[in-house]
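Okay, here we've got a single chain as C-alpha cells, the form predicted on its own, with questions on binding and movement later.
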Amino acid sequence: MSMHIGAEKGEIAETVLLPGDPLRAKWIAETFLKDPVCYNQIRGMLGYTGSFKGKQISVQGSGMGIPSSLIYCFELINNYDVKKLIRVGTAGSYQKDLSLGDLVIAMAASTTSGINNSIFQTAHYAPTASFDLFHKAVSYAEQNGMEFRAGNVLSADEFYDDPDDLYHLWSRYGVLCVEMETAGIYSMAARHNVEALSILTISDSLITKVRSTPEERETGFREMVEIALNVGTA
C-alpha cells in the first residue's frame, strides 16, 4: 500500500488508464471492464481493476493538474510496477478546425509548468509520447474509421483563460489544444523508463467559446476510451 493508493501489490494491472476525474474512472470501469473491483477510495480518488478482452487493466483517477497526476504516476510506477500510463481526458481547442468531440493524440506536450526546470536548469526538456503506444493508437483509430488529430498539446498550470488571450501564440505555433497533465505524465514516464500516452477529447473551444454538454462529453469519451483500452491491452 502506498501513501495515496490503498491497493495491495498485485491488485493493479501493468497498464493503467488515467482520467483526471475519479467519477470518470468509475464510469469507465463500470461501462467497459468486466468484473471491475475498486482497489482505492483514499481521498475519493477512485481506482479500479477489471478485464478487457480477457486482459487485466486498471483505471485510476489522477486529479487536476500536473502535481496531482505526478503523485499517482509516481506511486503507480514505484509501488505497483505499472509499465504503461494512458491519460484519457478533455482539452480546450486552440485551432479553428478542431471542434467539440474531436480526438487528439498527443505526440508531445509543451507546458507552462516549471516541473523540469530544477533538473534541466539551462535547457528545455521536450516531453513526448511513447512511440509504440502512439503508433498503436494511430493505427487503431485509422483502422476503425475514427477521425483524429495528432500533434503538440499544451499542459497548462492555470485552468481559466489569461485576460490577454495568450492562446493565440500557442495556436500560431501549431499547438492543438490545452489541458493540464500530459507534460508531467510524459516526463515522469521518461524518468522511470515506462511508456505513456495521452488521448484527449475536445470539450470546449478557446476560439468560439462553446462548451460540450455533459451528454456530449460522455458520448465523445467513448471513442477515446475505446482506443486507450485496445492500445493498453494490445
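Since this is a predicted model, take the numbers as computed values, not measurements. Numbers follow the displayed sequence, beginning with 1.
The next section is about a form of this same protein that is not shown, the form predicted in complex with hypoxanthine (HPA).
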Is there a heavy atom of residue 203 no more than 4.5 Å from a heavy atom of hypoxanthine (HPA) in the predicted complex? yes
Against hypoxanthine (HPA) in the predicted complex, would residue 98 count as a contact residue? Criterion: heavy atoms within 4.5 Å. no
Though only this chain appears here, would residue 120 touch hypoxanthine (HPA) in the predicted complex if you measure heavy atom gaps against 4.5 Å? no
Verify the contact flag for residue 90: yes if a non-hydrogen atom of it lies within 4.5 Å of a non-hydrogen atom of hypoxanthine (HPA) in the predicted complex, no if not. yes
Residue (of 196, 199, 180, 57) lying close to hypoxanthine (HPA) in the predicted complex, criterion heavy atoms within 4.5 Å: 180
Given the stretches 66-74, 27-35, 172-180, 42-50, which is the single one in contact with hypoxanthine (HPA) in the predicted complex, using a heavy atom cutoff of 4.5 Å? 172-180
